[in-house]
Structures are given as structure tokens and as C-alpha cells.
Ligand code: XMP
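Quick heads-up: it's one chain on its own, the form predicted on its own, in C-alpha cells.
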Amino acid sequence: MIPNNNLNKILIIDFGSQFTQLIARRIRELGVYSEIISHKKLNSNYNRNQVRGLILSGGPLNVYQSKKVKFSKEILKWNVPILGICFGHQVITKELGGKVKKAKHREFGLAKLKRLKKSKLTNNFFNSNGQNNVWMSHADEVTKLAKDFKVIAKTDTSKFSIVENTLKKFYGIQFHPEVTHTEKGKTILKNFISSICRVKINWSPRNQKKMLIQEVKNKVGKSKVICALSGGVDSSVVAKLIHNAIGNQLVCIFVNTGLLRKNEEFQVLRTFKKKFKINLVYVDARKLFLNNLKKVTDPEKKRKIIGSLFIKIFEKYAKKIKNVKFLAQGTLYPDLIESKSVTGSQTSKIKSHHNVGGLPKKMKLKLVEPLRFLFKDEVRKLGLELKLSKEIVYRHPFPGPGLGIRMPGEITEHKIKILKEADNIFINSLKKLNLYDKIWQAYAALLPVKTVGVMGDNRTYEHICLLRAITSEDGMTADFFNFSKEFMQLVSNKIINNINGINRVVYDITSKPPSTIELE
């Protein structure tokens, strides 16, 4: 569900950059709605009434690949300001008569940018010496400017790092202002949307709540909706949002898959059934999921099985409730991005998600996914606006397939039991020492190997417990949290001393990329 067309917006044309979603997120952080569309799908039929500015993203292509790069010159006649970033900068140059060639000196990583002239785009961006550190990622470069463009800044190896045509309000930058490595990169984007595009701030949790509630009402009408409630942040926000919109037309279904965190089912029932008075159906499906997952080791098969079972259960209970036509899910932007390119660009598929790739081809229910174009931080702010508790809103993300993808290899009841205990010890230790809120996501996993250990005078042969804790802004990129030695020793000793079945604890220090946050 996309926010209504009455919003003035910045339209981002995606050429397949891994950073395109970050551009959208940065614009929204500045209080302006941004929308992404693939360069392949943008045509003359697009409703551009509310578009107040265009941003052309970077991408893996080069401008010589004319067969792959679909760019209509008509876009340049929309009479709105345009900002080209990296590849987008090169596209503007080429289409307006400039030249782009393979760079003699590629630039990847930090580069020192030097100001040559003042510009609205760079107001308050450079330091007192007229310099700034920016993040480069390009192998091609502009070698000749298009007509009426002037150079604003350069690096030692890229003499056209920032260019502008003030008459047409066209701007090109070779670096990436959207990444945190570029110092004050957000200032560039702020200058573009406020000083150049003159877009009013209109994107806030309060406005989101109003718009999304209205959209749910318009889509659902008088039909009933069943909500896939897990107790996590996303599904909790969806449940509260839809309940605010249609009240008792919503029926939440909570499925105990047996792959939940320790005591999670009791927490969900207490919060949503007793506190919020939401219609809630509790389904104990532990045996069903475990039987269907027996001897399944392939992670994609696990996800497909879990997703399929979820939908079958919902459809089964939907038959018992009259006038149910919709299934609500807490799908977010990153879910769509990793499962498939939401824009149809060259972004590659990484893995399927249970609420995206796991859906059967012939569904009997229509989907309501009000959060599908929101980032995680936006969902949390929306949750607070909906009066959800901070305990729920700031809870760490938990995958739909649950503990099933935190134990590579075969899923067994015994492994589930010991993993729940290990995870519980880890999370409670984080909370006790005030570390929980400093971390984006933390969990324990059980590796599919056993190792020899010694306890007292006895030999043990038990599982390895892997701990993972990461810091992130939106889940798209992540780094590991740097614990103290004392904390790691404390948690390791607690897990090994209190759980039969684990004799070794390791800590995952891999960032994303190259790894994903979850193991499977």
C-alpha cells in the first residue's frame, strides 16, 4: 500500500544500485515522502502531478550499454529539479550531449572533495577549508560536460565530481551522499529537496498513521481481515493499525509453530487479547510444523514449508469466519528488496522471506500489507504513534520462520528446546546490562556440528552455540557489536553451565554484506 497521491514527493529512478533504498530512507528522514521506480518501468503514463524532484540512482551498468539502459529523454522535460548520483550523474551528462568514458583512475572508497564554486546544493556541506570526505564507487567518469553545466567540486582523479545547470536545476554528483561514509552527505540531499525542489515537510508518523488507516478502510470496506500476528514489531504494528481502522472486522490469528522464543506465546496472548482487547485466535500447531519439517535441511525448503503452512492455517480458520477476504501481513521494504527487486531493477535476489516467497501461487485471500513501503525505523515510530509500548516497538526483529532458520540442518524438538534456553540467556543478559537497546538484532543459533569438550573429568560431545549481535540502521547493511571480553565470558559460562547439550560458544563477527543477518 503506497501513501496516497496527494503527497508531494521526490521520485527516485532506480538503475539497480545497492544504495537506492538508502536514498529513499534519507529523504524520508528529512520529512519528505520518496518513492522508487525502476528506470525500466518509468514511462509517459506515470502520474507526475505530485513529483517535485527527481533523483537518478547509481547502478552496476555503464552508459555505453545502451541496450540495457532504458532512459527516456522526456524525463528531462518534466520541468522539475533533477539530481543524478554516480551513474545517474553520468546518464544526465550523456543524454544532454556530454561525454562519459572508462576512468583512467577508478575511485572506490573515501576521497577528498575540493570546492571550486559555491552552490545551493553544497550550502553548509564543506568544511572551513572548502573540503569534505566523500564515498566513491565508480569505474567510469564524465570527461566532457554537457552544455550550460559548471563544475562545483572535484577530487584529484575526478574533475567533475559535482556539476550543475542552474537554469534547468539539473545537478550531478559522482559520489554517494546517501551512505554514512560521506561526511554530511545528508546535507546535500536536504539542500536538494528544500532549497532547490522547495518541498514542504509532509512525511511524519502522524501523517503516515492517518493515510494508512484511511487506505486500509478504503481497501477492506466492510470485509473482515485476518492478521498474521507473531508478536514481533512488524505484525504488532500492523495489528494495531488495522484494528484502529476497522475495529472488530479484524481477527488476529496467532500460530504457535513451536519455533518461537521462550514463553513468547504467553506474552502475545497477554498483550493483545487481554490488554488491547483484539479478537485473537490461538492455534497450537507445534506438532504440524515439526512433522512437516522432519529431515528437511535446505534453508529455502524450510522457508517455503513454513510459509505454506502459515497460509493453509489462515485459510482454514478463515472458512470459520464469515466475510473474510483479506490476510494482513507485516511485510517491510527490506523484505521485498531481498526477496525480489521491488522496482524490477537489476538488484539480485538474496533469499526468500516467509511472507513473500513462501506464498502459494493460488491464494484464496487477498493481501493487506500496509507497511510494505516502510523501513524498520519508520515502523517503530509509527508503532509509538499508535500507542504501542516501547517494549514491543523496540523489540529486536525476529524472522517469520523463527528458530527454524537459526539451526542449520535438521530441526528436532531437542534442538529447539536447548536453543530456546540459550537465546533466552543471551537476550536477558543484554537487557540486564543495558546493552539490548544498543543493538539492532541479537540471537543465539545452533550450528549443525558437535565438538568434543570436557566438564569435570568427563568427555562431552555436544553442540556449538553461535551468538550474533549486530548494529544497523535499517537492516540493509550491518556490522557486529563489539562486546567486552568480560561480557562474552559471562554469557558463555551461563549457557554452558545451564544447558545440557551445548559445550562450546562462538561469536559471529561477520558484517552484512558479505553475510546476511540470519544464518539461513
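None of these values were measured; they are calculated from a predicted model. Residue numbers here begin at 1 and follow the sequence given.
The same protein also exists as the form predicted in complex with xanthosine-5'-monophosphate; that form is not shown, yet it is the one meant from here on.
The closest non-hydrogen atom of His176 lies beyond 4.5 Å of xanthosine-5'-monophosphate in the predicted complex.
xanthosine-5'-monophosphate is not shown here, and in the predicted complex it never comes within 4.5 Å of any heavy atom of Trp135.
Using a 4.5 angstroms threshold between heavy atoms, Lys240 stays clear of xanthosine-5'-monophosphate in the predicted complex. In the predicted complex, xanthosine-5'-monophosphate sits beyond 4.5 Å of every heavy atom of Asn279. Partner contacts here mean any heavy atom within 4.5 Å of xanthosine-5'-monophosphate in the predicted complex, and among 391 to 399, 213 to 221, 104 to 112, 324 to 332 they occur only in 391 to 399. Against xanthosine-5'-monophosphate in the predicted complex, the set Ser235, Arg380 and Glu473 makes no contact: no member has a heavy atom within 4.5 Å. The partner is absent here, but in the predicted complex a heavy atom of Gln441, alone among Asn424, Ser194, Gln249, Gln441, sits within 4.5 Å of xanthosine-5'-monophosphate. Contact residues in stretch 298 to 325 (any heavy atom within 4.5 Å of xanthosine-5'-monophosphate, taken in the predicted complex) are limited to Arg303.
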